[in-house]
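Taken one at a time, structure 1 and structure 2 that follow are two forms of one protein chain, written as structure tokens.
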Structure 1
């Protein structure tokens, strides 16, 4: 048991609990219509939230006005009133009025509605970071308040490093998961499916994964019954020539023979 004393990760305090909040079909109230509000609104729409913006039309910035005109968000054309909180699942405040902001924060806390008051860290259940988005892939960079602009620099740095087809690769793996569930649909197959998907995810580097094709996924699935995962070279050799692979079931080993 001595080993267990040291092998666990050390606690490294001072961070945040970074989570992917599910706002699909949830009501998010955005108070304010300036540049910060515009960014918040886009974040929420990208997560399929039902967004309502409250604030005088005269104060909407062009992007927010555009979202209103396109009916991407509902708009209440006046200043905030407490009844606006009725039915709200989340509240994001971005107005240049500290007193009004604090009043809204207190109302949210009374009603236990998660809220973020822009630029007032103590009045935030959560902070935003800089998010890279590519299809199903989201990468969020937080500097925990040390350098918000730097978070954006790091996000761009990461985006440049990622293979260009990273999002598509994840879609492909997602499809593999769906097809596998069709192939082995019973709930008692669950652990075996998960174990095999883990093997697949661990068998290739991320770069390699991004190079895999639909055909590769099709060929990969043929290995599921054996519980094995072929190497990248094997997968590549199968391209356009799917019949060359043979699973040697006699001794449990894994035979690969071209032209056999």
Structure 2
């Protein structure tokens, strides 16, 4: 029997598993209050985490002090103590004390708490990449701890290539997905929903997605039962309760309707 010549991706070892870590409502402990800590804190707050900062008030930089003053984070005004790890779901260490950092990392390992020790890749369970954010759109570039400055340069290059309205377009797609799930809520509808949403995403440009109104999405969902996706011109023609028979919306199934 002839050997099947099937091509599969080559394994490239040495990488990281890049995932979107959901930390909403999770307790994140940040040890330190300098510039690096400020960046870590902002990342966690953007992800709706519950952040506690440990470190003397005299060592907080202006941004971290602002977060504390605005009660965006809890603050423990002293140096780290092992009991600070109680209840923590994640620990981020950003202090200029290698011995203290390693000691905290070892405590985290003993308790199986995922930790990141700034600027010490071997003592990190995960890395922070350089992130571009536009509403729901997040793009992370990671160099696996080898070149953070280069990661920032690459991230900026990628961001310049993106349409300026990419975030808004994604918001529209998200709204449409929610409405579609309400229309076809059964788990067995999943594959069909995904296939139809793929057609929708491929049918319109970013600009066109951003221009879709609530009425447009309502009319677009009329096409779901037939598995079709109309052109933007057809959707525009349907605005204001256009004659759907004339526009051939339902492909013979004119009795279908979508609730408001």
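Here, rigid core means the biggest group of C-alpha atoms that superpose within 1.5 Å across both forms. Predicted model, so just to flag it, every value in this text is computed and none were measured. Numbering follows the first chain given and starts at 1.
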property	result
Of structures 1 and 2, the form predicted together with another copy of the chain	1
Whether residue 156 and residue 233 share a rigid part between structure 1 and structure 2	no
Turn angle in ° for the smaller rigid piece between structure 1 and structure 2	17
Between structure 1 and structure 2, C-alpha offset at residue 200 (rigid core aligned, Å)	2.4
Inter-form CA displacement between structure 1 and structure 2 at residue 212 - rigid core frame, Å	5.3
